[in-house]
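One chain is shown next in structure tokens, namely the form predicted on its own.
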């Protein structure tokens, strides 16, 4: 899903005169909301996702984000939004980041954006609980929210040297609380069960991302995109 506002270092890149000439992909693009936002900014961004279009994906290329079917050293920009947390359960050492860096031209960038689970409002707590609930339902495909500090702690040393920008901030992107409540109540969940309790709490207090974190990694200038 999109983030509002986008990190300043990303908006600066999107505002460059040569933005439309950059070769970019969004990995795990899903329903394409962030992809559309990027394209409206002038970025000719390709979507990659393992899900087929019949399942709601808007990707032009179908493939695994951990091993994207893309030519190494061919991209200026790789974006991954709320994707890393889904990959962490299977790859806790973040090995896929080396693969992503290998896709970049020298000096190219990876932007990782994730919802930060430290919001303190009831609506933010419900969003965190919702993601935990969904991760338990589909552990092979989803992960709970991960903090930016935990991500930094897990970075392999060679990749950590490539961090050019890292930060946290507010995420004001609106959530459709009514749609989430309807989803949780579909199938008449048992009264007092987790889905029912979560639906009631969201109906009462709303739903909000609240905060985000981001990390920009830069490929080496002299090693063909390798770290």
Ligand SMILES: C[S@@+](CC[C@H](N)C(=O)[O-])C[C@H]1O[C@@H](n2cnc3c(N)ncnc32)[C@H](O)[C@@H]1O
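Numbering follows the first chain given and starts at 1. Only a predicted model underlies this, so the values are computations on that prediction, with no experimental measurement involved.
The same protein has a further form, the form predicted in complex with this ligand, not shown here; the description that follows concerns it.
Checked against this ligand in the predicted bound form, the residues 105, 128, 154, 86 give one hit for a heavy atom within 4.5 Å, which is 86. With the partner removed from view, the residue among 77, 81, 101, 145 that has a non-hydrogen atom within 4.5 Å of this ligand in the predicted bound form turns out to be 81. Residue contact with this ligand in the predicted bound form: residue 42 places no heavy atom within 4.5 Å of it. Mapping the unseen interface onto this chain, residue 47 falls outside it, with no heavy atom inside 4.5 Å of this ligand in the predicted bound form. Contact between residue 201 and this ligand in the predicted bound form is not found at the 4.5 Å heavy atom cutoff. At a distance threshold of 4.5 angstroms between non-hydrogen atoms, residue 63 is in contact with this ligand in the predicted bound form. With this ligand omitted here, the record of contacts in the predicted bound form names 26-34 of 190-198, 158-166, 177-185, 26-34, defined by a heavy atom within 4.5 Å. Using a 4.5 Å cut-off on any heavy atom, none of the residues of 105-119 reaches this ligand in the predicted bound form.
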